[in-house]
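The same protein chain appears twice below, in two forms, each given on its own as structure tokens and labelled structure 1 and structure 2.
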Structure 1
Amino acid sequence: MIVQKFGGTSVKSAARINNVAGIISDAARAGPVVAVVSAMGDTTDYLLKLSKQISPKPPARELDALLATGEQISIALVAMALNQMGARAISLTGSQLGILTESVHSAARIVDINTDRITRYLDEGLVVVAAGFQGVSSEGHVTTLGRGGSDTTAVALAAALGAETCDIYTDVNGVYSADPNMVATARLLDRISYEEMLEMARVGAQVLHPRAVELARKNRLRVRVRNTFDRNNTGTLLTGAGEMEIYRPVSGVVLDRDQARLAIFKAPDQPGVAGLIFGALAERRIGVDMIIQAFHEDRSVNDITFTVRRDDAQSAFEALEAAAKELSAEGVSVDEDVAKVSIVGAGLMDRPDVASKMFTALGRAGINIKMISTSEIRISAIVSEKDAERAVKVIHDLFHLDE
């Protein structure tokens, strides 16, 4: 059994839908297939825009009910195309698939999948065309899974069904050492570990969503990233780090422009202060990435600096201003002229010299580093947005990632 997932660009037009149906039909000749499909092209963005024209703040339940129709259109069209080709197919929405989620709208997580219906159709020789990005709550309300929802649907279904492989089809050949639109010498990786892919996804790589990668790692699921428009390319295989021979410290460099840096100055150095600040952000559902706390000479106050998504900058600034007033802090600031450049590699943990080489190279290129964050297999640096692309190219050349 195989699960295939096709993103919005793959089904953007009738011609592309027929191309996708051809890929699914070919796979169906070898065994059972479940094809997870996203909404066509920019349909979701269009529906969001349409909802705002009706209501500035539409009810979350009704917004999910609206957005879920995008996938319903595409799965029906793909099923039609498959039947036209002679491959018997049936389209199923999230609720029909048995995908049970939390009772949360716009960002629900999958709780369970009842595979009885899917299995019955597969046993009858049908191709199941599944709606990505959606499910149903225990109360029977339509829910959506938020960013990366279709990737998550595909991996979750593959795990629940015991599929041999989950192929994620997109508009690139796989995972590269850098964005090929930015770095002409970027190299296509034939393999990457779950751990490396998870870090790359978390720091801005758009190929796979972190939720899907984490789910694949948990279930040790074989996942391939492939190009919808180049069937002969085998793409990039995700596998466990233990199954790879780690011979290079850095596998890739990733740029994330969706960043803003905020700071609160001279907050009291007392228990509970950090909890108050980040609790205020949590109440607004604002996720925080990098955090630095710097103390002053008298050790009675601290400066706390952190990064958030740029879309959250204004809301975070308002929360920080309120916290500063309550704490009698000196003030707050927000800087949206930043970007995050990260290197990722399973070999980093054994190479302490990598960080010094990276920072030295950026310094020689005249690129100032504003913040630094690390994990066992990642090093991230915040730089000015104007320096971001140049920083990526400097690092890519430094570690010979084109080889």
Structure 2
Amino acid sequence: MIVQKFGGTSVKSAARINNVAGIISDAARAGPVVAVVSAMGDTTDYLLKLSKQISPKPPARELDALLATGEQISIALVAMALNQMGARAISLTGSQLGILTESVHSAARIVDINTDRITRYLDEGLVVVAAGFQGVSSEGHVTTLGRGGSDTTAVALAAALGAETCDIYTDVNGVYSADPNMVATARLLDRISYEEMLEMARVGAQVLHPRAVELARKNRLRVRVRNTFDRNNTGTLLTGAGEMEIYRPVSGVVLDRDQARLAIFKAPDQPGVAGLIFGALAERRIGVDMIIQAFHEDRSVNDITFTVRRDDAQSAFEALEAAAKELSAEGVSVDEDVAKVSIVGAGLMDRPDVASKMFTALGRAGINIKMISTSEIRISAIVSEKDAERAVKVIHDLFHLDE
């Protein structure tokens, strides 16, 4: 059994849907297939924009009900295309697939998948065309899994069905050393470890959804990223770290523009201050990424700087202003013209020289680093948005990632 997933650009038009149906029907000749599809092209963005024209803050339940329709259009069309080609197929929405999620809207996690209905159709020899990105809560409400969540649907279905392989078909040949649409010399990686891919996905490499990679790692699933428009390309295989002996210090460079930096100045240096500030953000369900606390010379006050997603910047700023008042802090600031540049590589672990090389190269290129954070296999720097793309290229060249 195989699970295939086709992203938005792969099903953007009728002609592309026919191309995708060709790939699915070829696979269906060899064995059972579940094909997960995303909404056509920019449909999800369009639906989001449409909702904003009606209401700046629509009820979360209704927003999910709206966004889920994008995938429902494409599954029906893909199933039609398959039937037209003589391959028997049936389309199923999230709830029809038995994908049960938490009762949370816009970023629900999958709790359980009841595969009975899918297996019944597969046993009858049908291709199951599954709507990505959606599920149903125990109360019966339509939920969505977060932007890019169709990857997660595919990997979760593959794990639940015990599929041999999960092929993620997209608009590039696989996972590269950097976004190939930004860095012309980016190199296609034939393999990448789950850990590195997870880190790359978390810091903004769009090609796979982080939760899809987490699930793949947990289930040791054979996930391949491949090109819908070049079927002969074998793409990139996600593998366990143990299967790769030699690591380069850096495997990839990732840019995330979806960042904003906030700061509160001269907040009192007392127990409970960070709790108050970040509690106020958590109340608004705002996720915080990097956090830096710096002390002043007189030691009675601190500056706290942190980053959030750009969409959350204004709401975070309001929360921070209120906190500043309560704490009698000197002031607050927000900067939305920043981006995060990260390098990822399992080989970073025992290479203290890599960070200094990266910072030196950025400095030589006249690129100012505003914040830094690290994990065992990642180094991230916040820079000005205007410098971000150049920073990626400088780092890509520095570590010869094209070779």
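Residue positions are counted from 1 along structure 1's sequence. If you superpose the two forms and keep the largest set of C-alpha atoms that fall within 1.5 Å, you have the rigid core. Bear in mind that the values here come from a model prediction, so they are computed numbers and not experimental data.
Of the two forms shown, structure 2 is the one predicted together with aspartic acid (ASP), while structure 1 is not. For L63, the Cα coordinates differ by 2 angstroms or more between structure 1 and structure 2 after the core has been superposed.
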